[in-house]
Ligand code: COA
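So this first bit is one chain, no partners, the form predicted on its own, shown in structure tokens.
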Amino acid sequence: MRDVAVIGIGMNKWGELWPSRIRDLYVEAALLALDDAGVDKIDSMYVGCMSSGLLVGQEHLGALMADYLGQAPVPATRVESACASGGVALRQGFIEVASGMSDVVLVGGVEKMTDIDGGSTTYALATAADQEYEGFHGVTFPGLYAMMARAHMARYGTTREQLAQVAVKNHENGAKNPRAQFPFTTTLEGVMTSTMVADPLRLMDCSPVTDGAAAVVLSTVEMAKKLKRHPLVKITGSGQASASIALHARADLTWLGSTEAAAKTACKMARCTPREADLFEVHDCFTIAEIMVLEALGLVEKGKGGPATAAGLTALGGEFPVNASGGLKAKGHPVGATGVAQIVELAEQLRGDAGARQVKGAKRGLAQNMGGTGASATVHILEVES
């Protein structure tokens, strides 16, 4: 298996991008990544996207994006795994380069979510839940994560304030990210007095509805060394796992088993532990999700994710910085693009190009992306060559 490098990255500013079509968003990010890599020829491409058919009425994205990017007739494949679509697309690109099937692969993620009303968006996102047992009864993702939060609070004593601290920390980081949808700070009071969505989760506990795209160019380490455009960032570990979609089918509502399994696979490949990473980009679709991910990755013991956050361990200057980008909460969450954007952030950090949110001395980063309430998950580990 060949060593794989991230040779180019690209991402547009996220938000409510009314004038842009889904194809425009993808092509913009892809061109930025290709320019950053210094290449104009690719062997194949992947498009991570969850719900373009429901959100903008457009399927068959692989061929569409290859055409509008001017890359036809290269093989182009759309990848769907709910909110983990981007992470799974990245893994497919990684496998293709590592196997020797292709030398240069473009991996992008995109979602255009604001062209329809809120109820329709909620329905589209809910298709990532179990339709017969959850969707049929009207349960939305805020409701599902609220159940997970209540279970965590009951079992481990996680507090309302600890949930709020996740949002406060991520908005503080997001305020330093020029591409973030909501680059502003907030307070514990601001989070805890925001509109109730699904008890105990309030509006400021929830990631937003977002338009946006992100892209990376993958190639061999050998090619990266020949290009000499950036510090050499390698993908040293890749893991993917799945779990029950429906919450009622899980043995424990407070545990993300797919994240734990994906991390074990990625860390075995990278020959490290999660604790040995210098920074983390994780899937904070709701504040409780970040707390549970910390535990599933083994960064803290079960039930200690809330206290660790409140103690500042996950802050930008903390023991293990989490979501320096602002996370899904502040940066935004165009669901198909999120997993790829995490890799963009890690690559920038490892290159030393993250500006005001730079994690000092970052040499290894870990990205965790998941779909639904954790039914699918990917973990990738990136390292910069000294």
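None of the values given here were measured: they were computed from a predicted structure. Position 1 is the first residue in the sequence shown; the rest follow in order.
What follows is about the form predicted together with this ligand, which we do not show.
Stretch 181-189 is the contacting one of 232-240, 148-156, 255-263, 181-189, since its residues have non-hydrogen atoms within 4.5 Å of this ligand in the model of the complex.
The partner is absent here; in the model of the complex, the one residue of L316, V104, C206, V300 having a heavy atom within 4.5 Å of this ligand is C206. In the model of the complex, this ligand stays beyond 4.5 Å of every heavy atom belonging to P200. A residue is said to contact a partner when one of its heavy atoms sits within 4.5 Å of a partner heavy atom; P142 meets this definition for this ligand in the model of the complex. Interface membership of C285, defined by any non-hydrogen atom within 4.5 Å of this ligand in the model of the complex, is confirmed. L125 belongs to the set of residues with a heavy atom inside 4.5 Å of this ligand in the model of the complex.
Although this ligand is not shown here, in the model of the complex the stretch 312-348 places heavy atoms of K329, H333, V335 within 4.5 Å of it, in sequence order.
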